[in-house]
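Taken one at a time, structure 1 and structure 2 that follow are two forms of one protein chain, written as structure tokens.
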Structure 1
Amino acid sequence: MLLIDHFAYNNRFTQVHPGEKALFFVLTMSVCLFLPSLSTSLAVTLLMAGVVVLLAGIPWKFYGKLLLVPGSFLIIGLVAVAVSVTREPCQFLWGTYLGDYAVGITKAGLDTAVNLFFRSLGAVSCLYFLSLTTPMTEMVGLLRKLRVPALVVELITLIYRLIFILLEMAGQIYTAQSSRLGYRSMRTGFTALSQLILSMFIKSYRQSQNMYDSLVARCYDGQLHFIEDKRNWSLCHVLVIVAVEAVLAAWALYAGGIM
């Protein structure tokens, strides 16, 4: 079991109705996406970090490492947003000329990149809240109650499980290669990485076939069944969620963010 799954089953919100967590996730994500501003994105990110770490009891080191993963990709991707290439005269904060073209960073491009970065980070923190506090089985049950087509639910479940198989397989191969000094230098590292990618897909394919065979052996008929614990909605929790979202939306409107 990966740590994300472990914490999804072992956190202080395990007895909370999944619908309440989904409601908090949807409302906060909506405020982050439809009332965008730098301060709103920062507020959403800090709110979710506080809820996940302080209330749900997820270790802050683990949560910080999770945020670093999309954060590093976002920084790389936002370089393309911040950097402008033009042949027209332009006011650059920093720039240089490459032949007839001017390459540099404008104030408008930098502002757009910063806003996009924190907006994306806020949305990711909302997704992490749901992933770290709600097990997949409860999310599937919730989707079925919302009348999501059975085919879509089955695809989500199988893809989620196959992603975990892929990650688990990559971790095992990486550990085996590291124990044999496969990454002691850049040259051996590239060789080991290519072998890891090749072996990972072959082994994960075989593992997925084994998973399908085990499902068929248990009379799999195209629909997965889970045992769900019955939980009741808490009026107190709903009122707290509505109050928090109202304050967040009011702050977003005050800050000037609207789509």
Structure 2
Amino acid sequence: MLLIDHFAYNNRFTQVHPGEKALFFVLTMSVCLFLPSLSTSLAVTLLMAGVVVLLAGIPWKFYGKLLLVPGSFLIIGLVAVAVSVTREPCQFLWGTYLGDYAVGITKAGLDTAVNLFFRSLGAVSCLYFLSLTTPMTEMVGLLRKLRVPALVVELITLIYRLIFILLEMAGQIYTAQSSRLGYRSMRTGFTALSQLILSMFIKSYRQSQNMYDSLVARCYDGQLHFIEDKRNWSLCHVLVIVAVEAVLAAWALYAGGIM
């Protein structure tokens, strides 16, 4: 159902220590945010695309589609930032008048918008690297090591598992409804959808009760104890990561300077 999740468990980095992946994510993201410039953003985007597609082995078609996911937000944002509305006369690269108001694109607005666009793309690439190569079960381990409160880690663990139970349930109900022509038209579709959500709500409530019983049957005392496979840091990996980040940071300083 969730393909990002699928690839997180099926890529060439599954045996790499999650800490190393997190380190790479954090450092690259920092360069992207603290040393922002067009060329830095592009470099980060390309670096991450290379790592994810060539090294981790995620199909490039899927990665390409993924890059389009935040598209609608980006476009809206881009328009909002680039376009200015003003009463005062102003230097527009392109513009028109609507009554008293001038609507148009200023050079400053365009600069901001384009910078923003590529910074976002770079940052999103970092996020994708993390989510496509690091299974959630290992991220939970990381959170624990970062001293996130036990209750939060516990909720994350439970919610992550339950998400898939609910999605499967929703998928089955949706299929059953479609095969009885539930989404044939707007009108029937709305009825069917509200029924789906309602019945999912009731069923998930009941399932939460059942699951609680089954946990208690195994001596659950209100606290999850965690256990995980030991995995060793690889000095070689860390050195490569640090070297790559150093080059990246140097490039960022040279090309963009500190903002």
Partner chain sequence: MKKTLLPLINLKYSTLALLYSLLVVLAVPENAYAMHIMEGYLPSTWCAIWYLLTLPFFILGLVSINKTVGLNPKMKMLIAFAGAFAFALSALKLPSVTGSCSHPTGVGLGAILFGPAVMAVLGSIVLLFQALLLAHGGITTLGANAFSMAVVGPFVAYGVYKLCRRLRTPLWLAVFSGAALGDLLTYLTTSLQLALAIPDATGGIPASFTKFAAIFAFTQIPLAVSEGLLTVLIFNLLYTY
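In this text, rigid core is short for the largest set of C-alphas that superpose within 1.5 Å between two forms. Everything quoted here is computed from the prediction, not taken from an experiment. Numbers follow structure 1, counted from its first residue as 1.
The form predicted in complex with the partner chain corresponds to structure 2, not structure 1. Taking the rigid core as fixed, one finds a CA shift for Asn210 of 2 Å or more between structure 1 and structure 2. The two forms, fitted on the rigid core, differ between structure 1 and structure 2 by less than 2 Å at the CA of Arg147. Ser194: CA moves 2 Å or more between structure 1 and structure 2 after rigid-core fitting. Once the core of the two forms is superposed, the Cα of Glu228 has moved 2.6 Å between structure 1 and structure 2. Relative to the superposed rigid core, Gln172 shifts its CA by 6.4 Å between structure 1 and structure 2.
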